[in-house]
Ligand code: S3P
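A single chain comes next, written as structure tokens; it is the form predicted alone.
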């Protein structure tokens, strides 16, 4: 199990960062959605990280061919998705497992999805139960709640599903199932979650719309979709670690280049801005996604904040945002965030465990926590195998130094994280 020692930042930094990892959510979807076409999809800047490469490998096991040329890949779909001869390994990716459940539920054949020990402990019934209710045959441990999952694809019924969970993964799985249902399907969430699936599938020609009552209408496809031709933008969730760094290291500044500026992806930046950081957004293009630069500058001591809205837009950034809260003046609160307990780790418990070791006063609730800002103390932090917990406390180390245990998990989403951090301070691994 590898460790990393982060030294305090020796001085202010001012850097332009054009090597933030490509967007994980969009890369996953590129690998999967290419299977819905009958022509090659061309993708540049596909994230070369463990999770997304697992999704790409699964596409090849389903019959696709992948050609790589410099920073571009071409995915040629099979004439028909083939039944794989082996188990499909999603690694650490809940996105990979849950979306492939929706995609494969209507495909004739038998499929087994598994993952690492962390993914095999994450709840899958949130997608399995609605899929089973429309005719999907899915089984696994705890009656299909835990992987490995066995899927016997077949005919699916059109549905009208009012989701109790605001989750882009659940929504995407049901949309993918709806594309092959026997009629028009409807899906509703009460807070808009990440909408990459809708945007990308519409761009490929799928008929997906949202009515005035908030129901997403999904028309089944009668022919293959158009292929993707996309440059994957940089990941604002990954960039946010360094946004927090600029906001807490005095007189520092960072320019994050070619981020997606999708409103469902930059809510954490808006919260950080409300805490006092100076943040500017510069839109450059808007085809599949709005893309541009984000400039974050230190603007004095941050102030405490209450976070209870748009949690579905913040779920990946809350660990890093918790570091900003721990450095802020006053008390910060997070509520309505029970979903944090079902991520790569129980992120409420994981983050608070780390903050306690750093001397931070907190209160834990079932759906969130309260943090009293203070001076952080150096400590040794267990990542619990969660890449976002590991990277969040590495950023905290810029103020006080930090030792992070079990850093291999960072490779699932941000392989060059420590390379970028090394531009700011000394990192020993």
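Residue numbers count along the first chain shown, from 1. Given the structure is predicted, the values throughout are model-derived calculations rather than measurements.
Absent from the display: the form predicted in complex with ligand S3P. The rest refers to it.
The single contact residue among 198, 289, 316, 267, judged by any heavy atom lying within 4.5 Å of ligand S3P in the predicted complex, is 316. Checking 234, 262, 95, 345 for any heavy atom within 4.5 Å of ligand S3P in the predicted complex turns up a single hit: 95. Heavy atoms within 4.5 Å of ligand S3P in the predicted complex are found in exactly one of 165-173, 296-304, 352-360, 249-257, that being 165-173. Residue contact with ligand S3P in the predicted complex: residue 412 places no heavy atom within 4.5 Å of it. Of the heavy atoms in residue 126, some are within 4.5 Å of ligand S3P in the predicted complex. Mapping the unseen interface onto this chain, residue 21 falls outside it, with no heavy atom inside 4.5 Å of ligand S3P in the predicted complex. Of all the residues from 183-202, the single one having a non-hydrogen atom no more than 4.5 Å from ligand S3P in the predicted complex is 194.
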